[in-house]
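One chain comes next, on its own, written as structure tokens: the form predicted alone.
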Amino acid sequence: MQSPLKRKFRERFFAAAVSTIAALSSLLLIAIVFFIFQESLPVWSNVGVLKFLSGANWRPVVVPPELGIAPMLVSTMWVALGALVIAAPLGFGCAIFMAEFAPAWLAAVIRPVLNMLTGIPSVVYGFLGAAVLVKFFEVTFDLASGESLFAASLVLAIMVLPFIVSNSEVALRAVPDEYRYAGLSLGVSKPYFVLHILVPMARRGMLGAMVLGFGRAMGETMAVLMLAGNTLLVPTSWFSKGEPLPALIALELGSATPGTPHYQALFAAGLVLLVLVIMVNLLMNIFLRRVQSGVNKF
């Protein structure tokens, strides 16, 4: 049996190690943001934040350069929100099924399959989408090209589904068993218990899983690069072609000369994407804390 002094030392060592890792991770994020901001600083000073975000023309190699990323911003939101609209109901439903309704052997089969989906490279998803999904749209709807933001959203939904399922299932299983026993003692049905007691208790973790999937969808590159159509026009619908910010950066960064406005504008686009993901996470955390505080007060 360990002595109290030894146990206390291990606890302090573990707490110090975790704090150090957290601090280093935060410093790394700050360093990345600072580097990207430094590389894109001429764009913010010469073009301006509002003009860069709201401009509809992207001609970085003309003189003077026209730097506007509004079409790419709209495309990014269409793709990410579309993927979330498809994946969130499926992910929540699958998580509830695995946590409360599925037999243990079936959940043990589904869980590794979902984990395997997270390890498949995004270029493979993009290739399968281009070979199967795009061809299906072309043949079924008699289109010249089946590439669209909708096709990209469908593939992204498959990619973010495992994150939503796994994290939502953890949140559901973390609800104390006392609530389950209370529901059974009241004689309510299992579906009623899940919808009115279990899901509200686990909503913080489930919404966090949705935010994680949204951030992944916003930052995905290869799948949207191969499926979205790469058109520098403001998309008018989910079925239009577009070019999300990650696809823009991946396509043009290799051909941009360092130090030129084109190169700096791509870093500025990367900074906008990073800030968007951080803001979504911060706003959702604030919202979840307010919801939790309201529940605790009640």
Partner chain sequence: MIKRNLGDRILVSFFWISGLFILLVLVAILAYLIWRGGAFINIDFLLGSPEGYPLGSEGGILPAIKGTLWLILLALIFSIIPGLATAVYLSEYGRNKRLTEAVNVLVQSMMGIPSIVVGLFVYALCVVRLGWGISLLAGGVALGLMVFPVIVVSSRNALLAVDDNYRLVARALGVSESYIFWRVILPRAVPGILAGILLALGYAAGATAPIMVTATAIIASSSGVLLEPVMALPYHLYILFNEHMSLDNAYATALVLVLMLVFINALALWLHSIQERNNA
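Residue numbers count along the first chain shown, from 1. Nothing here was measured: the structure is a model prediction, and the numbers come from that model. Throughout, rigid core stands for the largest set of C-alpha atoms superposing within 1.5 Å between the two forms.
This next part talks about the form predicted in complex with its partner chain, which is not shown.
Looking at 188-196, 68-76, 174-182, 137-145, which one sits within 4.5 Å of its partner chain in the model of the complex if you count heavy atoms only? Residues of 188-196 come within 4.5 Å of the partner.
Would you please decide whether I36 lies within 4.5 angstroms of its partner chain in the model of the complex, comparing each non-hydrogen atom pair? Yes.
is_contact(M210, its partner chain) in the model of the complex, heavy atom dist at most 4.5 Å: Outside the cut-off, so no.
4.5 Å heavy atom contact, A151 to its partner chain in the model of the complex: No.
V49 versus its partner chain, in the model of the complex: is there a non-hydrogen atom within 4.5 Å? Heavy-atom contact with its partner chain at 4.5 Å: absent for V49.
Is it true that A99, A202 and F239 each have at least one non-hydrogen atom within 4.5 Å of its partner chain in the model of the complex? Zero of three within 4.5 Å in the model of the complex.
Contacting member of A80, V165, V155, A228, with respect to its partner chain in the model of the complex [4.5 Å, heavy atom]: Only one option qualifies, and that one is V165.
With its partner chain taken in the model of the complex, which residues across 6-20 come within 4.5 angstroms through any non-hydrogen atom? Contacting residues: R7, E11, F14, A15, V18, S19.
On a core-based superposition, does V49 travel 2 Å or more at its Cα between this form and the one not shown? Moves: no, less than 2 Å.
Cα of S26 displaced 2 Å or more between this form and the one not shown, core superposed? The answer is yes; the displacement is at least 2 Å.
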